[in-house]
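Shown below, as structure tokens, is a lone chain in the form predicted alone; questions about how it binds or moves come after it.
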């Protein structure tokens, strides 16, 4: 049996948050952060981790983009596209809710 779910799309008003079954955990053996989900473990790079740590369900996507652009001293348009694509991939994997 398959369940058709409507695809969520990232928008300026999105309030990204990790899915309820997803956890960020620091692995002291590897000295790295892991994203834990049922039967899967992801090892995000530093920028991916920075994005995921901002997914609190309260911070709008547009505010995330502005703060990342300031923190990384980068072009807001480029950050918008890159972060939007990143979050869309994670949302399509059902790891981030929009």
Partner chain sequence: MTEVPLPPIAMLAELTHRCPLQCPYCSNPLDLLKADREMATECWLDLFQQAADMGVLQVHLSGGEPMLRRDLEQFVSALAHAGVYTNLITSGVGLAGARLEALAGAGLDHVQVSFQGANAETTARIGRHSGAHANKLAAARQARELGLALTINAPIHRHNIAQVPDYIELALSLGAQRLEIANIQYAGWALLNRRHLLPDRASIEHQAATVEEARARLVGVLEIDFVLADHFATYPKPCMGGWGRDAFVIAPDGAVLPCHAAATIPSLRFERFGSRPLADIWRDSPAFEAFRGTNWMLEPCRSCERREFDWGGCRCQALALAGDAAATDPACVRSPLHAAIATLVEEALSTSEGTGGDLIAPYAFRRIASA
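Since we're looking at a predicted model, the values are computed, not measured. Numbering follows the first chain given and starts at 1.
The discussion below concerns the form predicted together with the partner chain, not included here.
Interface membership of residue 31, defined by any non-hydrogen atom within 4.5 Å of the partner chain in the predicted complex, is ruled out. The partner chain is not drawn, but in the predicted complex it has no heavy atom within 4.5 Å of residue 58. Taking the partner from the other structure, the partner chain in the predicted complex has no heavy atom within 4.5 Å of any heavy atom of residue 12.
Among residues of the shown chain, residue 66 is not one whose heavy atoms approach the partner chain to within 4.5 Å in the predicted complex.
Interface residues of 7-46, taken as those with a heavy atom within 4.5 Å of the partner chain in the predicted complex (partner not displayed): 7, 20, 21, 23, 25, 27, 29, 30, 34, 36, 37, 38, 39, 40, 41, 43, in sequence order.
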